[in-house]
Structures are given as C-alpha cells and as structure tokens.
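The chain below stands alone and is given as structure tokens, in the form predicted alone.
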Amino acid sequence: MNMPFYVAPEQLMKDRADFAQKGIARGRSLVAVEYDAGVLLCAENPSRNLRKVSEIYDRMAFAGVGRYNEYDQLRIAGIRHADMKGFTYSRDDVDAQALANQYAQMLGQIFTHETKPLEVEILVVAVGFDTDGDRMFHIRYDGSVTDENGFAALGGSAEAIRDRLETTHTADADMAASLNVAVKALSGDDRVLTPNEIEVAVLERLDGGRCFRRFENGEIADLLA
C-alpha cells in the first residue's frame, strides 16, 4: 500500500494562504471611506450587473473582492442571517460585529478544513446615528478580522491604496470630495478611472429606515466633476 506524502501543517497553511492571495490579487480593489454624512464605498468594477457592493440590512452594507461566485454566496448567507435575526428578535438586534464574527467563523472553517480556501476578502460596514457608531470589519480569506477606522482597502493593491488614503482622506469631507479621494486612491498615478469603470454606493447617516443608496453613472460623473 502506498503511503501518503507527509506535509507539515505550517507548509500546508502557507500554501493555502499563497493560493488565496494570488486569486484575490487577480481581481480589482475597492475602498470604503467615512465622510461627513456616512460611509462611502467605491469599487473598481466595469460591470453594471455583477455587483461588488450590496445592502445587507437597514444600516449595513457588504463589499467583496476576489472570486465573484464565492463572495456572492457569502453575501446571500449574510442577508439570510440578518433577516432571520431581525425577524426572530428585533431589527435593532442585527449587529455588524456579530455578522462579521459569523463570516470569520465560516471563512476560518473553510480555510482550515477544506482543500481549497475561498479566494475572497470581504468588508462588513455599518453606519451609526453618529460617527462613533460607524463600523468597518475587514474579514480575510483565513477568517482573520480587522476593525478598520476611517477607511478600509481590499484587494491585491490594498497596501498601496492605504498609503495613498493615509495622506488624502479626511473623515469630515463631503460626499463629492470623499469620492474623488477614493477614486484617486484606487487609480494611482498612472491611470484615470472613469464613471463607467467604478461602482459607488453610500450608507447615509439617516435617523431611520434604509440607509443604503447606489449611484448611477451620471450621478458619479456629477460628483467627480
């Protein structure tokens, strides 16, 4: 009987991490930035139908990079989780941190026990009634969670984008200024992204009801003008 090859656990985890990182790096990046009236999400995405940014619940949004079919499954699972919790208890009990923890457990379980990890990074965003209530949770392919403050960047170019946002982002800027900062951070110095190449949505700081709003190309062009 042939004996299976032994692979050290450290090497196995490294190989899975390298595989996931390469898959994520092949995709396009996205950013989320706080502005004076909420949180703005901007993704490099030329498709009008395959969305990277979506609403999860009344005051919550979801964003993902990497393999579309994989992070879209996570988006659907998050919507079901939030709807079930809101229906069973109260809409006020639906919490971004609890959802982020749920995602972290799912991704961590797959990364540790499945042969192929998910090639995704996701962001769970919630807008509060004031700036202290804003939340951004960055969940990686291995289930690790980061609580981001002010802004977040996901994707293969995330480090370079964060460096640009460090010097240009201000949380008290208006929506148009924040969108310009986000687009310039995504594009860098060697290219210019047009309204047809980006996807933009916001979580507005409203007193009640649904806070998520998506922008069409014409609205994006007006804000960037």
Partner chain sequence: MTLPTFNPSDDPGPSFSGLLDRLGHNRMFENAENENSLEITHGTTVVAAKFADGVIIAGDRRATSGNLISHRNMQKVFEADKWSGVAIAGAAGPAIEMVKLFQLQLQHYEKVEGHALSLEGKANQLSQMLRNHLPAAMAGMVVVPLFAGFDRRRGFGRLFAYDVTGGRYEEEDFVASGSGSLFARTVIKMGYKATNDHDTAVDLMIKALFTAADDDSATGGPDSMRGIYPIVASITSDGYTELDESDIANRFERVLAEFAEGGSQS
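Numbering follows the first chain given and starts at 1. Note that the structure is predicted; figures quoted are calculated from it, not measured.
Missing here is the form predicted together with its partner chain; even so, the following discussion is about that form.
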{"property": "Interface segment, criterion being heavy atoms within 4.5 Å of its partner chain in the predicted complex, picked from 127-135, 147-155, 83-91, 112-120", "result": "83-91"}
{"property": "Close approach of Gly78 to its partner chain in the predicted complex, 4.5 Å, heavy atom", "result": "yes"}
{"property": "Contact test in the predicted complex: Ile198 vs its partner chain, heavy atoms, 4.5 Å", "result": "no"}
{"property": "Leu99, heavy atom within 4.5 angstroms of its partner chain in the predicted complex", "result": "yes"}
{"property": "Glu44: touches its partner chain in the predicted complex, heavy atom cutoff 4.5 angstroms", "result": "no"}
{"property": "Option touching its partner chain, based on a heavy atom within 4.5 Å in the predicted complex, out of Leu165, Ala173, Val183, Ile56", "result": "Ile56"}
{"property": "Sequence-ordered residues of 102-133 touching its partner chain in the predicted complex, heavy atom within 4.5 Å", "result": "Gln102, Tyr103, Met106"}
